[in-house]
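Only one chain is given next, in structure tokens, and it is the form predicted on its own.
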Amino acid sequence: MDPTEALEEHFRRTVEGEQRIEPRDWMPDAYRATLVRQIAQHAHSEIIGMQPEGNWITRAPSLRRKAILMAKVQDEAGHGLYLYAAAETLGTSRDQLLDLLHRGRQKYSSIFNYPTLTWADVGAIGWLVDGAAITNQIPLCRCSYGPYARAMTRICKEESFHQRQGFELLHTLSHGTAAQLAMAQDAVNRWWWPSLMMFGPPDAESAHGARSAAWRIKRHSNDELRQRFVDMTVPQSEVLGVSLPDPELRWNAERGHYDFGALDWEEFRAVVRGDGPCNRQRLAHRVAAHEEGAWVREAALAYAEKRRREPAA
């Protein structure tokens, strides 16, 4: 066995033995590239995802709601930083990843290309979008790549609070006035299907699913996670007193799962390729914020260089 084959065999046995791959370990180029793509998309989603809710901070209906929403948006920024740091352990800098995002060469979650039209949307995002994110991300805590798995452990703990915050907000609205209930129901109607699309295309169309599963990066397929989310969410909707906008949604005793209707995959593909309601707006805002913050980064680097050159006390 030549040295390369020995390294490949050691990598395979490590992954199949449910042990972690660490940054200094040998790994196939394709494994590294897959991780960079997935972690970058996740990190980009966190920082782009600050925009839809950040839009409502100044319009929150109370000081308590404003403080909660500000804390949540700050959490999302932190999640992005954890993930960019994890990607850097693979040899790709944060600047490189942001440049690829700004040039449209890397993606972020399609869900963040939908507008937040009312205050109830903040609750729907917390309940549905963060609920879908948790469903997708909890298995990543057992990802074969150590830095990613460890980042996800902390992120999932914080996302669980975000999901509860959204549920509580919607519960308050749905048990308030008739107008508040109608607003909550309208938000759920608009966010339900995009939330199901968050899990990605059907398994038959997933380009990376099988390889990611073999490498223990992903633990479940897109359709498995989507089903798990539906099964979890239906009983919660009953507690909230809102209906989910799917006439085909019903319990299937034979399968032990809820059946649900077909997703509009043409809409999904349109949003992914950049033709969603807010794609251009979201990316333009991100690029502008990055450019306007250049002086802060330059000042921080200059200060760090000054400290480096100072003689030790």
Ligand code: FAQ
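Every value quoted in this text rests on a predicted model; they were computed, and no experiment measured them. The first residue of the sequence shown is number 1, and the count goes up from there.
The following text describes the form predicted together with the ligand, which does not appear among the structures shown.
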Checklist entry - Just to confirm, residue 190 within 4.5 Å of the ligand in the predicted complex by heavy atoms? => result no
Checklist entry - Does the 4.5 Å heavy atom contact test between residue 233 and the ligand in the predicted complex come out positive? => result no
Next on the checklist: Please tell me whether any heavy atom belonging to residue 260 falls inside 4.5 Å of a heavy atom of the ligand, as the geometry stands in the predicted complex.
Outcome noted: no
Next on the checklist: Since only the chain is shown here, I'm wondering whether residue 228 would be in contact with the ligand in the predicted complex (any heavy atom pair within 4.5 Å).
Outcome noted: no
Item to check | Full three-residue contact with the ligand in the predicted complex, heavy atom 4.5 Å, for 28, 92 and 143 | outcome: no
Checklist entry - Which one of these stretches, 106-114, 93-101, 177-185, 237-245, sits within 4.5 Å of the ligand in the predicted complex when only heavy atoms are counted? => result 106-114
Checklist entry - Which of 153, 160, 206, 118 has a heavy atom within 4.5 Å of the ligand in the predicted complex? => result 206
Item to check | Partner contacts for 256-283, taking the ligand in the predicted complex and a 4.5 Å heavy atom cut-off | outcome: 268, 272
